[in-house]
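The chain below stands alone and is given in structure tokens; this is the form predicted alone.
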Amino acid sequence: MSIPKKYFRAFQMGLQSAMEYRADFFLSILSGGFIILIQCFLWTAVFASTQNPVVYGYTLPQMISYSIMAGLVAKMTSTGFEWEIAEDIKNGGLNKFIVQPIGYFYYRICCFLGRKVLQLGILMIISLFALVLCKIYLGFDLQLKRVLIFLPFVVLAMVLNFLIYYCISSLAFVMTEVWGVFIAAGQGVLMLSGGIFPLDIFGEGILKVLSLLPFKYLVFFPANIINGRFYPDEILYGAINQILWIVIMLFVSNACWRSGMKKYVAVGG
């Protein structure tokens, strides 16, 4: 089998997995929808309690649209494969990738992208529907060009988040049980990426610090492209930073896995 075909097969496996567990995916969307709904009620109450039409730099339509898009973008970029990697390392499933002519990194990213194709399509439809409702009922300024610019940034955010969690998964080489680390890392990344609240609420100083980290480009940046809060030069600067972080995380993940493989003992499997 040629190299392109075997990785395309991994992509197909990811797509088949997404279709097989579609009920679980829709239930996760439903549960996430309750969180978004709570945030919408919360921000509506905050704006109703103040005479200022702008809070943390957002109008009410912008804050509601951000809450909706942040939840959906967080779902678009979410991973989950780190648990599978930890299981492979712990139980020897990694053995077959050592002796067979297939790279584990390429196998994982192809499976990940395969799983995301169907999910991304469904979530984009939901996003557009939600934004149209915001436009109708809240007067949100929805523009097609922002949506078109938003799409490639989401794809880049997916790749960046994959690399971040691929690095985190390498902790399984040195820790027997990593479930607690994965849960803590997941909540930390969600908070630092703006998946719960916009990063503006932390203040300008902390926002400047967070701008030096990759997490901002996972949720906060793509969601605010829809909101129209960035000028063209800021979007270009964000794109350069997002791509730069992807390159950096490629090197970091490679270094983490090289170090981990030196400690790996091929037992079981």
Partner chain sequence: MFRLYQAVNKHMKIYVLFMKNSLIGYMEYRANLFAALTMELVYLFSKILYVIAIYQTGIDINGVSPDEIMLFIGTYIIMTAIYTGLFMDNFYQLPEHIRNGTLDIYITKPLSLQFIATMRHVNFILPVPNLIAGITMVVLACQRLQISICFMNAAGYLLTLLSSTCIVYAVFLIPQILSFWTVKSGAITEIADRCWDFNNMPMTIYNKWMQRIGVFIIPVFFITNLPSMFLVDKLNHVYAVWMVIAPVVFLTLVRVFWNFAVRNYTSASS
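Positions refer to the first chain, counted from 1. All figures in this text were calculated on a predicted structure; none of them were measured in a lab.
One more form of this protein, predicted together with its partner chain, exists but is not displayed; see below.
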Original post:
Taking 4.5 angstroms as the cut-off for heavy atoms, does residue 28 touch its partner chain in the model of the complex?
Top reply: yes
Consider residue 121 of the chain shown here, and say whether it contacts its partner chain in the model of the complex, taking contact as heavy atoms within 4.5 Å.
no
Check residue 196 for me: does it contact its partner chain in the model of the complex (non-hydrogen atoms, 4.5 angstroms)? yes
| request: Check whether residue 183 has any heavy atom within 4.5 Å of a heavy atom of its partner chain in the model of the complex, and answer yes or no. | output: yes
35, 39 and 191 each touching its partner chain in the model of the complex (heavy atom, 4.5 Å):
yes
Here the chain appears without its partner; judged in the model of the complex, the stretch of 209 to 217, 55 to 63, 223 to 231, 237 to 245 with heavy atoms within 4.5 Å of its partner chain is 55 to 63
Answer key, its partner chain contact in the model of the complex at 4.5 Å (heavy atoms) among 143, 187, 91, 100: the residue is 187
Contact check, 200 to 234 vs its partner chain in the model of the complex, heavy atom within 4.5 Å, ordered by sequence, gives 201, 202
